[in-house]
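Presented as structure tokens, the chain that follows is alone, the form predicted on its own.
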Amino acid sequence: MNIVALIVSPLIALITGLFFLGLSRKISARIHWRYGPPVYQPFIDVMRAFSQKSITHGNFFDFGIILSLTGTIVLVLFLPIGGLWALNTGGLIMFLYLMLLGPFGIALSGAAAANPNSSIGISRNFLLALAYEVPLLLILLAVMTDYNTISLVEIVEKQAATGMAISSWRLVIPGIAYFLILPAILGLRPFEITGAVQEIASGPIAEFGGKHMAFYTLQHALQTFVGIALFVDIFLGGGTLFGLLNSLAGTVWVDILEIFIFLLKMVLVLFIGLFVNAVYPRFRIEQAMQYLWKWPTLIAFVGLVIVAIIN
């Protein structure tokens, strides 16, 4: 366990995730010919929410959002952020299981609130998670089979020697499949179903306020970071320099540069996702499930078969 990464990684993820939430609002607004809020608005929202009075609906209401936030923080510890990572045990298998803690915790709090809109949002949240978990499992199996490891760190290190996975003809198909499900993982349109304000008043978080809303915003920011960072790590080589600046290898400057490159790749992926978010209308839940179990799943399965045959 890297003690420095144990502290620094969640801070980087939290700050970056909140920045991405603000950037998402700003870019979407500009695409729609609006001015939009400032990029730092999510930071203000969190501080204001912590300063407001919070109403609880019982112990499960409090515990659920803490479980969701904690589970997402643990996910961050498994992610190589450039050359920085805290945990390297369990690999992608454990990562896939831990991804369920976020939706489960939110559902636990929403159920304790006993709001009909929350109940609808919870059912949509679980159905959506079930829909994208199937192609995601096939994608991760293809990556693990091709690199013959379950370790995220080893996958990034092997890409540093052989090039980005997305540039490999064996893994380009699973990479496309991941990009097709990425908006669903991030909750962007056309998969903005769980918290559809126009239909179910924000769904599971309809009863959230004060510190509960602050914790949810932090969890949402971290979840956004995790979804994009996982794609960057397994398909874009993380923050690896691919042989550049070998003379500085092992120095702190290379470590900082790798983190910067990693975050830059994340911004590029976010930009593409935001253009999709700004253009497409929202799916109904049955449309979303039909789409996710059709094209991304089919493409991911074909990619897994190709990798299995080659290996």
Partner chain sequence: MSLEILLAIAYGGAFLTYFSGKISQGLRDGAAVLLSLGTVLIVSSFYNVPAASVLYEGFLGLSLVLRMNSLAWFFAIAIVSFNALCVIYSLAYMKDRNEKDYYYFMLLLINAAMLTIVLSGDLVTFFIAWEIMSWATFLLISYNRNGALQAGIKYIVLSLIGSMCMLIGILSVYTSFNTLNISELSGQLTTASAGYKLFLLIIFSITFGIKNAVMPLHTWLPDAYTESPTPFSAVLSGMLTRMGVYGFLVILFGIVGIKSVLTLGSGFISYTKTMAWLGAITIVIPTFIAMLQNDAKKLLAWHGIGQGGYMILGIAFGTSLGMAGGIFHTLNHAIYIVLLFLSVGAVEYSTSGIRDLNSLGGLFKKMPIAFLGGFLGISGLIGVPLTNGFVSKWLIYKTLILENAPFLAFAALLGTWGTILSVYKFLHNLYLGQIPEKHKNIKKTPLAMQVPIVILSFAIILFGIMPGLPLKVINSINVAFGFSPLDVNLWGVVSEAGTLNMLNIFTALIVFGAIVWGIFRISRPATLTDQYDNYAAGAAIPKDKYHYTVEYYAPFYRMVKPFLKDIFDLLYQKVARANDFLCDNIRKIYTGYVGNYVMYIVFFMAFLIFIQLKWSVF
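Just so you know, these numbers come straight off a predicted model, no measurement behind them. Numbering follows the first chain given and starts at 1.
Although not depicted, the form predicted together with its partner chain is the subject of the following passage.
Although the partner is absent here, residue 211 lies within 4.5 Å of its partner chain in the predicted bound form, judged by heavy atoms. When its partner chain is considered in the predicted bound form, residue 55 lines it closely, a heavy atom lying within 4.5 Å. Its partner chain in the predicted bound form is not approached by residue 236, whose heavy atoms all lie more than 4.5 angstroms from it. Taking the partner from elsewhere, residue 157 is found to have every heavy atom lying beyond 4.5 Å of its partner chain in the predicted bound form. Exactly one of the stretches 224-232, 183-191, 112-120, 168-176 approaches its partner chain in the predicted bound form with heavy atoms within 4.5 Å, and it is 112-120. Between its partner chain and the residues 261, 254, 69, 270, the one pair within 4.5 Å by heavy atoms in the predicted bound form involves 69.
Residues of 198-230 placing a heavy atom within 4.5 Å of its partner chain in the predicted bound form, in sequence order: 201, 207, 211, 212, 215.
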